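What follows is a single chain, given as structure tokens, in the form predicted alone.
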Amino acid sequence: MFKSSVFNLQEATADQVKEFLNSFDTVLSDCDGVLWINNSAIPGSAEAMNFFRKLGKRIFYVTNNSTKIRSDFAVKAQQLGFIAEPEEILSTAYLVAHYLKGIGFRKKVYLIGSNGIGDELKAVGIRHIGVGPDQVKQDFKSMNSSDLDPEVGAVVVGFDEHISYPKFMKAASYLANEQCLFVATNTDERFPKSSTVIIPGTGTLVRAVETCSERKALVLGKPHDYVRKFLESFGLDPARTLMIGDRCNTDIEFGVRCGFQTLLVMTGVTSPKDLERMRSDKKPPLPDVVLPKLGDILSLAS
């Protein structure tokens, strides 16, 4: 109803807010930077999501975070005050396992990532190696073919706090075989800021592996097509679906590509300066509506 207008929903009339709330049946929400940061809920976010549910909306939590399995995400959400079930969590760790199982993958995965992806792979019977530290040796060039597992048929890149030069070497070496699959969870540049410290995101690692392997990854997370295809199985009506996010180049672009309505919140990656630039440049993807924080919807709807 506010198509790509970057409209401040706080300036809407009561009738416009009511019309907006009646215009969607399904709510898809990003998590980090929209609902919580690290282990703290953003004030009002749980109440807002639970309010949508009370209105009869169908809820999905759509996250590019690959560090947890779906049940762990659900537990975290519940502990922070959200009503959530594992079936409502759509994480990139789950998408990786779902994708590889769907294509009948039977080999082993070399995983630059965490136990979140590893456990989802294990749940569908796919073996993996690579999780955890891989120490840099004094002579880091001494790696040879005997250090590589001949059963590996795919390299998966997610967030890995133990990233190292040997991991890049192994990933590139496996990917030298054109038959080896190359899959990535997402290409988010950084995590939402909770302080002045910048935390590089998975995109940093994906680009590095793409550079040294001279190959492009199949990216499964937002804003790419695999998430849309997965969601289609739930029979969503795009025109009556709302995507909530804090990033234009992932969440909002994903919503625009899918034909969803979009709501941008300012509690994560996007700054007020970014918003000013967005309105000035009018460079897509542009959100339909904007709120300082998701919880603000409650006072507007009252």
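Note that this is a predicted model, so its numbers are computed, not measured. Heads up: residue numbers just count along the shown sequence, starting at 1.
The same protein also has a form predicted together with another copy of the chain, omitted here; what follows describes it.
Note on the partner interface in the predicted complex: the residue among Leu148, Ala123, Ile83, Leu218 having a heavy atom within 4.5 angstroms of another copy of the chain is Leu148. Against another copy of the chain in the predicted complex, the set Gln261, Val265 and Ile297 makes no contact: no member has a heavy atom within 4.5 Å. Heavy atoms within 4.5 Å of another copy of the chain in the predicted complex are found in one stretch of 135-143, 113-121, 224-232, 91-99, which is 135-143. Another copy of the chain is not drawn, but in the predicted complex it has no heavy atom within 4.5 Å of Ser71. Among heavy atoms of Gln179, none comes within 4.5 Å of another copy of the chain in the predicted complex. In the predicted complex, Glu87 stays away from another copy of the chain, with no heavy atom inside 4.5 Å. In the predicted complex, another copy of the chain sits beyond 4.5 Å of every heavy atom of Arg127.
Contact annotation for 149-166: residues with any non-hydrogen atom within 4.5 angstroms of another copy of the chain in the predicted complex are Phe159, Asp160, Glu161, His162, Ile163, Ser164, Tyr165, listed in sequence order.
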